[in-house]
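Before any questions on binding or motion, here is one chain by itself as structure tokens, the form predicted alone.
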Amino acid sequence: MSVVTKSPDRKVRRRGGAPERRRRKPGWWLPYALLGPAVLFEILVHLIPIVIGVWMSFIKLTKFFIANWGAAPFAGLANFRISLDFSGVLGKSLLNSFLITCAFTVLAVGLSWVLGMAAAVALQKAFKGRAIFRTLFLVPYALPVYTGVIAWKFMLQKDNGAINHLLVDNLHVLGDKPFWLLGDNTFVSIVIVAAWRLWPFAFLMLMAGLQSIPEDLYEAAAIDGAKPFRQWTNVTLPMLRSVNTVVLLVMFLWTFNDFNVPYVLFGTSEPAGGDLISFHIYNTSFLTWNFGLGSAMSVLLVVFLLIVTGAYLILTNRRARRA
């Protein structure tokens, strides 16, 4: 009679006998086979383009080397120095675009969160017609991005747009019909359109989080004399801390990298108020044909987002442990 023992090297030893390799179970390869296409797709779609983009940031890839990337000279950190030279024209314009994007992100995310929270709280309790309101609120999120933004582009036209027709012709709030897609109003326009697209996502996530809060907490708070606003600050917000952490982070990343909204609204032109950083990098790459410089800006943007994301997660985790 032999005794079978397990060893760290996954071999089966028999007392007094030679080690034998354990037989694998039938079908052991199936999980790897199922994961294989996804891993291959991830490598082809994300990993390889990222590596190529980082490599492009270290070469002088201009229009003279588009036909033969291998002949582009090695530039070292020159593209990064040009991007971070804020006294130069390119660095100064990149810094200005970065500041506009920060302001745009704060306003769009903040406005979306406020609207989403207000709608989720308003629809928290059951009433007749609640399902209809929920469906209507999710329409902007369900629409294709380009369809919604193109509709806004028509509405923001100066002469024939619905916005000027409402504000000037019907409500008489403004004297003259302003430009919404040119000049200083472009910043207001892009914030409104981005918030219109984003707030249903905040509403959906916060509404799902509110469903997990026990009703007993609100009843206990009401018995203690807490008014609705006090219940919201002392019950709703603490219970939604984990949801808010994810929602704000996702909306921040989406908004800071937003390219569709400015591109569809303004085309290849670059108004000062709508010069978001992703749009700015696109124009640097494809209008000036300087792909090396555009890649360096993209790498700097990724590094910034990684730093902000890491700091945000560390800060929120510390607060969660202290709570």
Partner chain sequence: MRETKPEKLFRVIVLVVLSLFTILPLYVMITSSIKPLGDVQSAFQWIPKHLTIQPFIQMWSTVPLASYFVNSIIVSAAATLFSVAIAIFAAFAVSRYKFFGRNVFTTTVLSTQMFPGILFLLPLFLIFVNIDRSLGVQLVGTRIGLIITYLTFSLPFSIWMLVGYFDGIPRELDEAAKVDGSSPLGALFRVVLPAAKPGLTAVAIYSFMTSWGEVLFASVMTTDANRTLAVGLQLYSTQTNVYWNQIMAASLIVSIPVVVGFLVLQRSFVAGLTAGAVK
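Positions refer to the first chain, counted from 1. None of the values given here were measured: they were computed from a predicted structure. Under this definition, the rigid core comprises the largest set of C-alpha atoms superposing within 1.5 Å between the forms.
The same protein also exists as the form predicted in complex with the partner chain; that form is not shown, yet it is the one meant from here on.
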Worksheet item: Which residue, Ile192, Leu84, Leu107, Leu248, has a heavy atom that falls within 4.5 Å of the partner chain in the predicted complex?
Response: Ile192
Discussion item. Although the partner isn't part of this model, could you tell me whether Ala151 comes within 4.5 Å of the partner chain in the predicted complex, counting any heavy atom of the residue?
Written reply: yes
Worksheet item: Contact between Leu174 and the partner chain in the predicted complex at 4.5 Å, heavy atoms?
Response: no
Item to complete: Considering only heavy atoms, tell me if Gly294 and the partner chain come within 4.5 Å of each other in the predicted complex.
Response: yes
Practice prompt. Mark Gln157 yes when one of its heavy atoms lies within 4.5 Å of a heavy atom of the partner chain in the predicted complex, and no otherwise.
Written response: yes
Worksheet entry | Contact set, 44 to 76 vs the partner chain in the predicted complex - heavy atom within 4.5 angstroms | Val45, His46, Ile48, Pro49, Ile50, Ile52, Gly53, Met56, Leu61, Ile66, Ala67, Asn68, Trp69
Item to complete: Determine whether the C-alpha of Pro37 shifts by 2 Å or more between this form and the one not shown once the rigid core is superposed.
Response: yes
